[in-house]
Structures are given as C-alpha cells and as structure tokens.
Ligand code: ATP
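Presented as structure tokens, the chain that follows is alone, the form predicted alone.
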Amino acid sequence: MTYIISIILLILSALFSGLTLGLLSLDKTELERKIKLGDKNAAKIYEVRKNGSILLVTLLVGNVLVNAVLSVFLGSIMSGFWAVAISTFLIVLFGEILPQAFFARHALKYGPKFVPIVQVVMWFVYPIAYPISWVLERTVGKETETVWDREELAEIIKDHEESDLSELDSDEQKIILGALEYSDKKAGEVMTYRDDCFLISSETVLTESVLKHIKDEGYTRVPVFEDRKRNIIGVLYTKDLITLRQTVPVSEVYRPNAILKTTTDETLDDLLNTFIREKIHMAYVLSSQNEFVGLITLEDIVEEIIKTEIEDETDEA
C-alpha cells in the first residue's frame, strides 16, 4: 500500500509539473490560429489555457501540494536522510525532468487528454487560485498577444526552408519571403535606368522601318517623350499599331494618360497599390532633383515579390 501511494503521488507530481511547462508553453495566439484552422486539440487546450494566470497558479499549487505530501509520506516510513535523498531523487527525475521534457515536446498532442483533470483541479482550487492570479496580473501584468513583425516572419520562413519537416516547397518559401521584403524596397532600387530604356519621340513618324524597330524591341508599351528624353508625356501601345492604315506621327497614336509619375524614394508596396488603383502598369521615375532617371513597371514589382526574373521570347539573357 505504501508503494502504491508513493507511485500515485509521484504520478500526480509528474502530471502537474509536465502540464505546467507544456500547457503554458503553448502560445494563446497560436492556439487561436490553430482553432480557426480546425485543430480540435488546440480547441480543447484553449479551454484551460485562455486564462493563463489561473492555470499557472492551479498547476503550481497542485504540484507543490503533491510534492510536500510525498516528502512527508516518505519521511514517515524511513529515516530523515534517506527520506530527503530518495524524495529529492524521485521528484527531480520522475516528477520534474522527465515529464517536463515529454510535455515540452508533445503538449499539443497529449495535453487534451489531461484537460478534464486540470478542469477538476481548477474547480477545487479556484478559491485560492483566483485571488492569487488577480494579484499576479496586477503586479506583473497580463499576458500579451504575440505578434511578429516582418523581419521575424522572414526568419520563421527561413527556418522552415532549412527544416526537413516543412511542408513549404522552395518556390512557396521564395514567394513568401519576397512578399515580406519587397515593401521595404524603393523604386530607385528596381527601376530600369534611363540609358537602358527604349523610348520614342512624339514627333517620330511611324514608317515601316520604325514599326519594324518597335517590333524587334519586343515591348508592348513604349514611353513617349517630347522635345527631349527627360520629358515623358505618355505611352505608345504596340497593340494600337495593328490597325494603322497610314503613316502617322506618334503624337496621333500614343496615350497621354497611360503612364504614372513616381520618385526614387517611393516604396514598392505604395507603387503597387497605385498601379492597381489606376489600372496602369508603367511609371517614370524622377530623382530628388525632379529629373527623369528611369522606368519601373508592374512586372518589375512582381519579379521582386516572386524573386524570379520573368522573361519572354523577346528578352535577351
């Protein structure tokens, strides 16, 4: 009978100790997210985890009480030294280290099985647990919601990329990282510099040779300038040239409102929203001195997000 009581007390000690570390290590925000995704284990655990202070006090009171009873019980059946030595060994190894190591790794999987026991204990010790938890929250504060910033989320994704257990493939990881990082970049970092841009003058006559040159360049949109290349006034859509039946200057065909104006310091997320809102896919970039320095397109931003160069049949490596 003595051994049975000792084993029962040791099991209770292990249970309280393991659940203290296991359940409280589960973040409430993460549990709420898992519940939204249909995780039934998370829903069961959340019933006792939602009030972390009361759960903490309940499990600690139970753990301390059981350990005290176990020590006293062992002291009553053996000498003082051996009672201290054996009770310390049993409590540390089987009542603390092993259960905490187990529940720290499997809290979400096995925690729900012990939720009914925790609820019963919470009901019994509530008169003690509530006042202590009330003082605790007003002394050290309530639990704060866990929110990660972009840099932390990026590191989490990178950790998944290096893990063999991750369900994300390399393309998904690359796109997620690109989506997190692109908003910090500015138009000046992504734009095509002015000297590398293909532009056309509004006074250029669309002769057969000019049309062939436009076709060979392979662009669907060609920025139009007036007088000098730094004065962008619109865009020539190559699809508008299909129906041409006569030789006309660019000024009669181009679209004056088909290009946006931006600066080198505008962030890509703001520019993307502008592209979507205005239904325009190209912008010319101005420097701090208000000079035309380059072009940026919707495709450039998409490439930054997916971290892949989008090439078509007319692009040169």
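If you're wondering where the values come from, they're calculated on a predicted model, not measured in any experiment. All residue numbers are counted from 1 along the displayed sequence.
What comes next is about the form predicted in complex with adenosine-5'-triphosphate (ATP), which does not appear here.
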{"item": "Stretch in contact, per heavy atom within 4.5 angstroms of adenosine-5'-triphosphate (ATP) in the predicted complex, of 129 to 137, 144 to 152, 85 to 93, 196 to 204", "value": "196 to 204"}
{"item": "Distance check, residue 185 to adenosine-5'-triphosphate (ATP) in the predicted complex, heavy atom within 4.5 Å", "value": "no"}
{"item": "In the predicted complex, residue 116 touching adenosine-5'-triphosphate (ATP) (heavy atom, 4.5 Å)", "value": "no"}
{"item": "Distance check, residue 173 to adenosine-5'-triphosphate (ATP) in the predicted complex, heavy atom within 4.5 Å", "value": "no"}
{"item": "Contact label in the predicted complex: residue 297 to adenosine-5'-triphosphate (ATP), heavy atom within 4.5 Å", "value": "yes"}
{"item": "Sole residue of 107, 121, 222, 232 within 4.5 Å of adenosine-5'-triphosphate (ATP) in the predicted complex, by heavy atom", "value": "222"}
{"item": "Sole residue of 45, 54, 66, 282 within 4.5 Å of adenosine-5'-triphosphate (ATP) in the predicted complex, by heavy atom", "value": "282"}
